[in-house]
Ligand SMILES: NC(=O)c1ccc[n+]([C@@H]2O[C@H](COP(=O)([O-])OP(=O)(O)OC[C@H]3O[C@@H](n4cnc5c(N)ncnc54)[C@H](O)[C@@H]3O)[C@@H](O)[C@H]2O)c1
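Only one chain comes next, encoded as structure tokens, the form predicted alone.
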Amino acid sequence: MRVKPAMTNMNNLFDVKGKVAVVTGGYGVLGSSISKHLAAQGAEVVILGRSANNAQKVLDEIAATGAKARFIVVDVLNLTALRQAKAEILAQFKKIDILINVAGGNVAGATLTADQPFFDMKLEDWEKVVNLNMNGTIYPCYVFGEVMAQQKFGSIINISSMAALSALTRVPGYSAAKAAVTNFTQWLATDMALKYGDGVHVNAIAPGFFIGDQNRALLINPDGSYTDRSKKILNKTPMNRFGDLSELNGAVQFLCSEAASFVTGVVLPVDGGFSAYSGV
């Protein structure tokens, strides 16, 4: 059994400079924040997504800071496209150190209104949201995780949710999919360690509540005041506020750095205490 030597240089412990980081959905609200942060830290960032137009804004913002990133058009549910992207990345960089699976999100038709019964939801919308979040995570792990298995090093970070940790009303499909992501993260972490050694780590972060375009209508009234749902969230959040997306970046960097060399199979809440608090 190999024991990792103690590290004394704290400046290098969290360093990601020179690491090749693949970020699916890397031009969305959460993905762009992570992509820009890692690029600023010196990582070689490769953004994967379906829209070159949406990606260009993020690439320009990264370039304006003096950092760099590249974009490859990929649908994360298309295995052929994922394999082509893998070949391109390996041809340029010869390795893949980090995979961050941000692609996902809710589907409008799979979000119930406050009084709408589950039985009114169209199953096509259920299938869309489950496929996007569950297979949209599993497929990239299947393709890029194989590289890490062959290298015997790498870090995979998936995106779970508060909805995976306890039941949230109105989002049954999203909740089920994120619960699957949580379970798969733990399973893959175990499988990778048992079969390929201690160099491949698989973890997830579970963001708490952040206001973005996707959930703004649920959390903010047209007049700018908080909705009843927002008030319930804040009442169960000991820090009594919503998070800022930038507050996820430190957790991501930790999990893909040497500081997390003995961390795998973890789902890390970044939630202001929401998942810890009973409400009493």
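Sequential numbering from 1, following the sequence displayed. Please read all numbers here as calculations on a predicted model, not as lab measurements.
Beyond the structure shown, there is the form predicted together with the named molecule, which is absent from this document and is the topic of what follows.
Exercise: Pro207 in contact with the named molecule in the predicted bound form, heavy atom 4.5 Å: Yes, Pro207 lies within 4.5 Å of the named molecule in the predicted bound form.
The named molecule contact at Ser161 in the predicted bound form, heavy atom, 4.5 Å: Ser161: contacts the named molecule in the predicted bound form.
Leu132: touches the named molecule in the predicted bound form, heavy atom cutoff 4.5 angstroms: Because a heavy atom of Leu132 falls inside 4.5 Å of the named molecule in the predicted bound form, the answer is yes.
is_contact(Lys68, the named molecule) in the predicted bound form, heavy atom dist at most 4.5 Å: No, Lys68 stays farther than 4.5 Å from the named molecule in the predicted bound form.
Answer option from Glu146, Asp198, Glu88, Asp75, heavy atom within 4.5 Å of the named molecule in the predicted bound form: By the 4.5 Å criterion, the partner-contacting residue is Asp75.
Residue among Asn215, Ser246, Gln56, Thr227 with a heavy atom within 4.5 Å of the named molecule in the predicted bound form: It is Asn215 that has a heavy atom within 4.5 Å of the partner.
Heavy atom contact within 4.5 Å of the named molecule in the predicted bound form, the stretch among 228 to 236, 23 to 31, 60 to 68, 250 to 258: Looking at the partner contacts, the answer comes out as 23 to 31.
Stretch 86 to 108: residues contacting the named molecule in the predicted bound form, 4.5 Å heavy atom cut-off: Those in contact are Val102, Ala103, Gly104, Gly105.
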